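Here are two versions of the same chain, shown separately as structure tokens and labelled structure 1 and structure 2.
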Structure 1
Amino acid sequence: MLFRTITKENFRKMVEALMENNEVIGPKWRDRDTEGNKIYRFLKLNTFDELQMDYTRSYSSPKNYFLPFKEDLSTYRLEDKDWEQEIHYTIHPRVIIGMRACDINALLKLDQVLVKSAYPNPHYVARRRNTLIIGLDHEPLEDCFCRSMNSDTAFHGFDLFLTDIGEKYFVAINSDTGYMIVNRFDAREVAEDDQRRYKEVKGRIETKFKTQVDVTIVPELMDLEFESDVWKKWGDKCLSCGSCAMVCPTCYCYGIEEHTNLTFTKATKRRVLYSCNLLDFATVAGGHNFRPEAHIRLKYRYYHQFRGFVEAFNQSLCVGCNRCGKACLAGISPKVVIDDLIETEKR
């Protein structure tokens, strides 16, 4: 990995140049929550001034630009006892600016399933390959526990990664494309003073993590406490609304819908992001539901995040952003559930 610095004025010029031929997406302030805090979302930028480089946490994950809530997989046209199928994988090149390390690590986890598996997702692969990612360091919020999940630092999965060191950005370069782009805008070699300020910023970030989650024994704990009353306790609070999965940067469950027009001459196969917490998630043909109770569905969501994915890929699916905890109307978060399981095991 190479390192350079770029002034904030040159960074502005770089982003404006990227906007000329690419769709550029970044964090924008959209609203305020009930406590008066700003709500940010990753949206298309029309000007550089819309880019909020000092944002805290986006409400929803940039994952939605790789796995949209809805996407058409294929379209069929039926005519004279014959049919034609249309499938489109390619997208226009785009740039996403400001992704946090935990969101970059979330994409790397999705890559394990959607790129490197026996059956890659061609729509996801096309979006991944046609997206330039510029990451951004930040000080964690009080409820972030990405450090506990080893996702507070990104070593790959991006093209450029920025750390604010005052009048400049300290830039980690992780691709040939990123190298060529940043060098067009007078990127400089790292000076001794730049390195000193970078270490100071990284050290300050490290001390700001307040929330810790002990995940060292969680995979085994999931098996030991599989029938624990903890699941019933939190499951009774769960509204089965699916909000947690919708904002999660790593949930990838989906459903398939078929839409046919009234003349039976055109049909569309559509994929829709889904949630294992929804009532009908495990309902099969004939109407039988294998997981009819909310606490069972909640348990299996956590089981997949902290046990099943570990068994398959030797890492947890959760990255510790706590978007699910913020979105949950019932106040359920990974920390409170895991802490509850650990306390139960100690008794």
Structure 2
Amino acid sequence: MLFRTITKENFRKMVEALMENNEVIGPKWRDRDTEGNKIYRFLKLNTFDELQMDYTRSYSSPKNYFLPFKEDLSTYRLEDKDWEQEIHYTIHPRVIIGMRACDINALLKLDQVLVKSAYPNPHYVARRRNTLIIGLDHEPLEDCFCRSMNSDTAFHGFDLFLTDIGEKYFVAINSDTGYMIVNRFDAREVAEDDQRRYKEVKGRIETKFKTQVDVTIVPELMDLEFESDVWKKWGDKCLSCGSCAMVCPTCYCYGIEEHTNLTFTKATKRRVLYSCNLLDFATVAGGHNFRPEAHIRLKYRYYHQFRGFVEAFNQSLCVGCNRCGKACLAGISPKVVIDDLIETEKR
């Protein structure tokens, strides 16, 4: 990995230049919460000033730019008993600015499933390969537990990664394209002073992790506490609303919907992201539901995140961003659920 610095003024020029020919996505805000804090989300930027480099957390992860909530996998022209299938991949270049380390690690986990496992998904691969990722450091929030999930630092999976060191950004460069771009905006070699300030910032970040989730024993715990009352306790509160999975940077499961147009001359096959918390996730024809109760479905969300994925890829799926906890009206978060499980296990 190469390191450079870029002044904030030059960074602005760089982003503006990128915006001219590419779709550039970054954290923006629209609403404020009851305490007056801005509510951020990753959206297309029209001007540099919309970009909120000091944003705290986006309520929803940027995963939808790689795995859209709804995506047409293929279309068909229908004619009498015959048809022709057409498949288009999204290949227009895109830049995402401001992704956190956890979000980048989340993408690497999605890569495990969607690129590196059986049947790589071409739609995902196409988007992934055509997206330039500019990461951004921040001080962890109260409830971030990415540290516990080993996702607080990104070593790869980005093109550029920025750390704010005052009037400049310290830039980690991880791709040729990234290198080419910063170099055109007067990126400088890292001076001793930059290095010192970078270390200071990193040091401060280190001290700010407040929330810890003890996940070392969690995979085993998931089996031991399979019948635990903890699931019932939280499951009874669960609204089966799927919000947790929608905002999660790593939840990737989906359903397929096929439709024709009104005149039966065209059809589409559409992928719609789903959630294992939703009632009919595992319902089969005839109405049998393999997971009929909310607490069973909730358990499986945790089971996939903290046990199933570990079995397959030696790491949990969760990166510890706590977006699900923040989105859940019922107050269900990995922290409270896992703490509860550990607690009952001790008893």
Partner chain sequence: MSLQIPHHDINLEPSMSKPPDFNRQSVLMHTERGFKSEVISIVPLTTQEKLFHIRICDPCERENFTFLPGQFVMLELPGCGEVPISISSSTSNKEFIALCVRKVGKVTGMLHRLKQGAIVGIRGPFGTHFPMEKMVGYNILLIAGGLGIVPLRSPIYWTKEHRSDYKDITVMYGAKEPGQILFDYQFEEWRKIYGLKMLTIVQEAGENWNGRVGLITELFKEVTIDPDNTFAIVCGPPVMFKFVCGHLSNLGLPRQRMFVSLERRMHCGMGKCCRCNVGSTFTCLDGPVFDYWTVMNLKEAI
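Start at 1 and count along the sequence of structure 1; that gives the residue numbers used here. Heads up, when I say rigid core I mean the largest set of C-alphas that superpose within 1.5 Å between the two forms. As the structure is a computational prediction, the values presented were derived from the model and not from experiment.
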Of structures 1 and 2, select the one representing the form predicted in complex with the partner chain.
2
Answer yes if the CA of Glu311 moves 2 Å or more between structure 1 and structure 2 after aligning the rigid core, and no otherwise.
no
Would you say whether Glu35 is displaced between structure 1 and structure 2, judging by a C-alpha shift of 2 Å or more on the superposed rigid core?
yes
Large Cα shift (2 Å or above) at Thr207 between structure 1 and structure 2, core-fitted
no
